[in-house]
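Subsequent text provides structure tokens for two forms of one protein chain, presented individually as structure 1 and structure 2.
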Structure 1
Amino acid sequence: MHTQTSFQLNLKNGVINMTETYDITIIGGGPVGMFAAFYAGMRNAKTHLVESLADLGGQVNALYPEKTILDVAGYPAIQGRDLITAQRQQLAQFPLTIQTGTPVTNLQRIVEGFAITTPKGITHSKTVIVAVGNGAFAPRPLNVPNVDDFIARGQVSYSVPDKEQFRGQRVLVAGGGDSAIDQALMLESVAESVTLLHRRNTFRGLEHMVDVLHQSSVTVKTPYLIRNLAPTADGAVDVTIKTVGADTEEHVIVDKLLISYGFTSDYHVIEGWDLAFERDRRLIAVDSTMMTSVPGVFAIGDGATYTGKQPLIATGYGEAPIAVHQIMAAYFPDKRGPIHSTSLREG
């Protein structure tokens, strides 16, 4: 079951005050954008957080809410969903304006700051923090003719919002990256059986996790591709798989199919924002203060890059206060900048 939160965020979906000018607008409500919004709240900045997906939490919430994350400081182990719930609670301490389901389509410099365009209107902000991760993302689809019928029946899915839905089921996970391995191992504890199918003989996942996979009860089938889905007489899914490089086919009968082919990210609109990118990797270049090539626009999290950058949650959490403090010092010098969070609250 999803954890229910007992607090209210200042959600203003669909209703924005067009005359409002924010101190800081944060584009992207993943874990890093959320932490930046919290930190901006700590600095009493008038803050607007805009997220294209219906929910906050970025990749963590959308792609691996059930995964146990081991490398966030202060948590020996925490599920993705619980981390985002904790961040929501942290955010709820401040009267921020948060808009979900609102993709930012344009970012333009105006006389005093920036105009931020979304399908719901235009807002103004003195400064901007871009925390867009890999762009507005969507799962990479399984391309077989009748896949939508199985999605509608809940037998094919692209994420695991609740692993209880897989309890006692025969599950086929398709994919070869970290995400597919994580999901297969996560479902091992609840499913009747888990098969992991990959089109190559080697996995792209972390070596340690590949070792854990091979020691687990997960049946690993390589190198195979999914060719067709058909319903069985008793309501299961007959998955036709084909050996890569040969014409042999097999059938795997399962109750649920989890497609973990990664995700496509739509960076198209962001590329038009006139920031300096590392073009090959579609990452926004920033300096040591997280400022982009455009003064007043900062970038943090997976979408920002510099020498030595590691795209991790912990890295982005560190970048958020750097950007916020830099903005406050450079654009709002009258606001005193305490050193520690406790003095921020008391001051």
Structure 2
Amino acid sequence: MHTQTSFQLNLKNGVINMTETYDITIIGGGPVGMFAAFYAGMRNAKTHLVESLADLGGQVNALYPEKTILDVAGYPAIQGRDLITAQRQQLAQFPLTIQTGTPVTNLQRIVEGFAITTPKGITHSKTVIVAVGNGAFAPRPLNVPNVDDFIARGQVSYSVPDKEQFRGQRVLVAGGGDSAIDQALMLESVAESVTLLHRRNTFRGLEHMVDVLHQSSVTVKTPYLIRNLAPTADGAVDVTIKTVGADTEEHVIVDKLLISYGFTSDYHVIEGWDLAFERDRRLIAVDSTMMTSVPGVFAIGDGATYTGKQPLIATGYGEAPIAVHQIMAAYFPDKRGPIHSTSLREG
């Protein structure tokens, strides 16, 4: 299955004939994949960016457009949607080939490098950078009876596409990680009140943000679990919460409940490719140059791992130029590499 073969394009059933061979194909159009495409453009690499979602931006754009991001150098704080808008403007500087709404169904080694198969056709690429994050994602659900009824009424949600929907509302956020803390603090400015509920006494968020949380007007309730949801006579939500390790229960009346338990990841797309990567706890293992166990294929962002890896956007941004630089040095040695960042647009 992993043998090197010659390659013929399939033109049947209206499949697009895409005969160009790219220097670099980047699979995944989240913030890290977008930055990799930008940096590849800076190196004058012929670049193809493929994203399975309808728009670029990954989880930041699809789930957290209102979230304030704090770990991007040069920005004290920036909203998710503004970050993605800025990155789109970066990409517009170069003649890149960008496809959205295009899942990669197979990745094969061929004589020319690699064949990338999508529902829209098959392309060639000399090298590949995998930047798929955590793969296809779905929110971890709240497992209580009749939760779907409240979701249908818009009273229970798993993301904040528009924080104005929470204006003047009594909001309960459930979760204990960075996202839960960020969302609670984000909604503090528009909601009538915000309560953050967590099943442990300690939070898993960054220490500074936990300090900000405790200094805010957000009501913190720990350690509690949600046991039941019921409608009130005036159309609000009666949330029954239980103390962890005890039988005591309380009722919290809110207008909206935001569940922030994290996401489950689905790697079935990668696992269906004709290339097998060395994995570490389901993530793609890479070396110090971001190369995978398959020569010519590199991985960056949350889907890649190595000793000491921190799963941050800032980390992924740093990995992108490492991968691109290694590709240009190893596979395109005739192209002059930059001495420092300011030389990228000179000469």
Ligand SMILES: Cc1cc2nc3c(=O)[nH]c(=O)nc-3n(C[C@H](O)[C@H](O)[C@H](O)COP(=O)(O)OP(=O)(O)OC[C@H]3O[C@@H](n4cnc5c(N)ncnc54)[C@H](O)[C@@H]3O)c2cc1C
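These numbers come from a predicted model, not from an experiment. Numbering for residues begins at 1 and runs along the sequence of structure 1. So that the term is clear: the rigid core is the largest set of C-alpha atoms that superpose within 1.5 Å between two forms.
Colleague: I want to make sure I have the labels right. Is the form predicted together with this ligand structure 1, or is it structure 2?
Modeller: Number 1 is right.
Colleague: Once you overlay the rigid core, does the Cα of P119 travel 2 Å or further between the two structures?
Modeller: No, the C-alpha position differs by under 2 Å between the two structures.
Colleague: Establish whether a shift of 2 Å or more occurs at the C-alpha of A73 between the two structures, with the two forms superposed on the rigid core.
Modeller: No, because once the rigid core is superposed, the C-alpha of A73 moves less than 2 Å between the two structures.
Colleague: After the core is overlaid between the two structures, has the C-alpha of V194 moved by 2 angstroms or more?
Modeller: Yes, V194 moves 2 Å or more.
Colleague: What is the C-alpha shift for L225 between the two structures, rigid core superposed, to one decimal in Å?
Modeller: Here L225 registers a C-alpha shift of 8.8 Å.
Colleague: Cα of R167: shift between the two structures in Å, core-fitted?
Modeller: Looking at the C-alpha of R167 between the two structures, the offset is 3.7 Å.
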